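For reference, the chain that follows is the form predicted alone, supplied as structure tokens.
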């Protein structure tokens, strides 16, 4: 069979699975955080069993070893079928996997990678109140000691903006073990059990009612040296493997989901009798064109990656295009919904296109920041793609 025929056969296989197995009531089943977590765990387990949860993993794992073109087909079909996004397991299957696969010891890989497929949830302990965009400025301190004959790190500090940390079993943790030399040189990478004494988690209540992020407080937390990934003081290099984990497929999936959600805007137009309103139709047409353009940009980005033509900055273009389209989508929904959309309504946890227009609109602004702000992305595009001069250090108005 040709490559095209193989991809179409895979597409047909995935569609048949989804027609039989996809959860149809998952939004209604995700109105509380507890129900959302259970829905996520159940759907992840079904995808693992079917071989569609981790197509980017090595082939020795169920469903692993897929080409990027095959991964694209799987994520396209998951998006088109409007299945739940695998939000709870995202850090586990991408960030934790990339870190373990590329940097961990064989013993660490054997210990943790199978457990991810069994449902073990990971979070990321990177950002701090004073170390977000400048991650290397982190201050969470780890002191190496010997306790009961075992070498350990004793960790004290705080982490913030950790996705789903309140439900996590394990944490990818960056700590400072030295203040000498450049700030990147004193960072060490640890794997922390979230049940360790001294670890406390405080969810961050967001403006639209979700609690997707959390703070992690570490008070004399003892972590065995065996839980270190890489050498002491070399954690910055390990963190780059974590941060470089897949973004393109995620943005393509999100773009396709937004295209599918355009039907909700069309329904809103009909419900409010605006089918003949030329202004509304003009704005809806502009939104459809913008969403189609985002999908085309994401497709082109992945096609270039498949062909080995990806450029530094391409992912930044996709990310900024998506975040702006998401805001335009939810803004039009709020406008069409009128006063009805100003009232507080139940939200759907873990979804960006819920039809709760005010909640979706407020949540859309998070995508202007998450994964690197729009300003940071524009700097990458300007400096790395267009080769414009870098902004001078310590520049002020």
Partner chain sequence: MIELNELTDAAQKAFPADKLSPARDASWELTAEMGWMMVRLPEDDGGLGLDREASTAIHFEMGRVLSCAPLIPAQLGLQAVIASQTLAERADWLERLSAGEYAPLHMLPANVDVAADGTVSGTVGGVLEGDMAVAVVAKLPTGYALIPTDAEGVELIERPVWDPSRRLFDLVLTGYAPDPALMLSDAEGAAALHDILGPEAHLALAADCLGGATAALALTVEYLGMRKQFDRPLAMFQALKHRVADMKIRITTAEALLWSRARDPQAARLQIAGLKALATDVYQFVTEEMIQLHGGIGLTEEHQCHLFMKRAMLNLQLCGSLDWLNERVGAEALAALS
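Residue numbers count along the first chain shown, from 1. All values derive from a computational prediction rather than experimental measurement.
In what follows, reference is made to the form predicted together with the partner chain, a form of this protein that is not presented.
For the candidate set 305, 324, 183, 85, a heavy atom within 4.5 Å of the partner chain in the model of the complex is found for exactly one residue, namely 324. Though the partner chain is absent from this view, in the model of the complex it lies within 4.5 Å of a heavy atom of just one residue from 143, 296, 244, 137, which is 296. In the model of the complex, residue 9 stays away from the partner chain, with no heavy atom inside 4.5 Å. Shown alone here, residue 375 lies within 4.5 Å of the partner chain in the model of the complex, counting heavy atoms only. Heavy atoms of residue 132 never reach within 4.5 Å of the partner chain in the model of the complex, leaving it off the interface. In the model of the complex, the partner chain lies farther than 4.5 Å from every heavy atom of residue 18.
The stretch from 164-172, 75-83, 190-198, 282-290 that comes within 4.5 Å of the partner chain in the model of the complex, counting heavy atoms only, is 282-290. The putative spot formed by 150, 249 and 253 is not touched by the partner chain in the model of the complex; no residue has a non-hydrogen atom within 4.5 angstroms of it. In the model of the complex, the residues of 355-385 lying within 4.5 Å of the partner chain by at least one heavy atom are, in order, 375, 378, 379, 381, 382, 383, 385.
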